[in-house]
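First comes one chain, alone, set out as structure tokens in the form predicted alone.
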Amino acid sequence: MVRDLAALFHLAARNVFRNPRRSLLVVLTVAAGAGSLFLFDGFNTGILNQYREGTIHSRFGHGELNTAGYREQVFEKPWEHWIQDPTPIMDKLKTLPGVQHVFPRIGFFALLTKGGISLSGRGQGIDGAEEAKFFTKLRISDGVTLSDQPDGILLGQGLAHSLGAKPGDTVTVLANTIYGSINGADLTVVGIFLTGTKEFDDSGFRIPLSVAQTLLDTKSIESIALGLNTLEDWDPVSKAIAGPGSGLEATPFAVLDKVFYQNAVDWLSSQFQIIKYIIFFIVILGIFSTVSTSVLERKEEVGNLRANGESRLNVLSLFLAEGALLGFAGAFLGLALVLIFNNTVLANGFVMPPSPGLTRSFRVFVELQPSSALETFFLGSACALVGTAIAAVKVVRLSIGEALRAI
């Protein structure tokens, strides 16, 4: 009987339909578990992708180049360790496959004054026209983004609120040059941005790179941020430009935004693993509870099979084949229902409240992955097999006489 695989599954299928109500309960249990895992993994993927796209296209790009060792040390005169002659490096970067945009930058501290209010802020000198093409996730809450305005300044929302500044107002920026003297510039507020990161929004501002270099009295730049075609281009590009002997080091966006992005990735990944184990346990327990009742009712059948010459392994194989069929059907049903649900009810995503450390909500789309579907299908099927095996082993181990007497 069970020596032939086709015959084994044929008989298993007939046994499954002997009690359709109980079989349906097992299928629905597996479907609920597999569907939950599939949906939750898609939810996690959606959140992480939203975090990633927000981090890349609002502030950091795909990564950043600095002189070697610059990020790991604190220098008394950091400008001495900036990129002194950036033009050849930028020209080389633009020729590399995968490089879409190159963003020279300078970071500095300054005093901002409007009327009788003066506040310290952390500024960035940027190529506004180039950055406006790539940093599309930078939310402008009022006015416009900084692009080709030669005397414009873009303020973080918290900083603008503290200064009482709005688009069109004039703000005076005072900064120390690299030689220790004080320099200043009167700039016009072109817009107010909101990244959702309170620390940055409360102190950050952006001005044209040429203005920042004039304020600091330098032609150097502190860093070069990169906008690539895809995330996969980062490794070859960083190795090509920041290899041994180049005097440069490349830092990916995940390290630049470790506190918010990378920590969120690690936390959500760990959370998913814990929830996965909980769902496994619940599904296996539910299948065991349902299947064990069916198996106990079939002790006489097991005794007859053993009396007709079938081994314990053959009988156990029959039960496992039934569990496999129920597991496959349940996992397939769970994945199908989630796909339908995601393409109808969740087609437009849903708004999540601000996460810890952020001040704005964001829309999340459940992003279902083929690899996750395959993994979830086999894990759901495995749960059915494990639950069936646990329930069947005790009965299969009975002697023929004990099984036949259990009527």
Partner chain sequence: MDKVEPLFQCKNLAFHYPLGTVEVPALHALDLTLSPGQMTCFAGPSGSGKSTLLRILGLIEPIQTGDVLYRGTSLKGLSEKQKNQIRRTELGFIFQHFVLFDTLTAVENVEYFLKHRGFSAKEKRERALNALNAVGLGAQARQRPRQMSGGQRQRVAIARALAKDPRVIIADEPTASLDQATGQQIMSLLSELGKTQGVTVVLASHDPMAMSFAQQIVRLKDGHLQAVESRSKLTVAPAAHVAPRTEEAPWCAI
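Positions refer to the first chain, counted from 1. Just so we're clear, the structure is a prediction, and the values are computed from it rather than from any experiment.
A second form of this protein, the form predicted together with the partner chain, is not displayed here; the remarks below concern that form.
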query	finding
Candidate from Asn314, Ser292, Gln213, Thr113 lying within 4.5 Å of the partner chain in the predicted complex - any heavy atom	Asn314
The partner chain: the contacting residue among Gly168, Gly245, Gly309, Gly180 in the predicted complex [heavy atom, 4.5 Å]	Gly309
All of Thr87, Asp91 and Leu226 with a heavy atom within 4.5 Å of the partner chain in the predicted complex	no
The partner chain contact at Ala391 in the predicted complex, heavy atom, 4.5 Å	no
Distance check, Leu25 to the partner chain in the predicted complex, heavy atom within 4.5 Å	no
Touches the partner chain in the predicted complex: Val396 (any heavy atom, 4.5 Å)	no
Contact label in the predicted complex: Leu11 to the partner chain, heavy atom within 4.5 Å	yes
Region of this chain that lies against the partner chain in the predicted complex, out of 300 to 308, 149 to 157, 271 to 279, 186 to 194 [heavy atom, 4.5 Å]	300 to 308
Residues of stretch 13 to 48 in contact with the partner chain in the predicted complex (4.5 Å, non-hydrogen atom)	Arg14, Asn15, Arg18
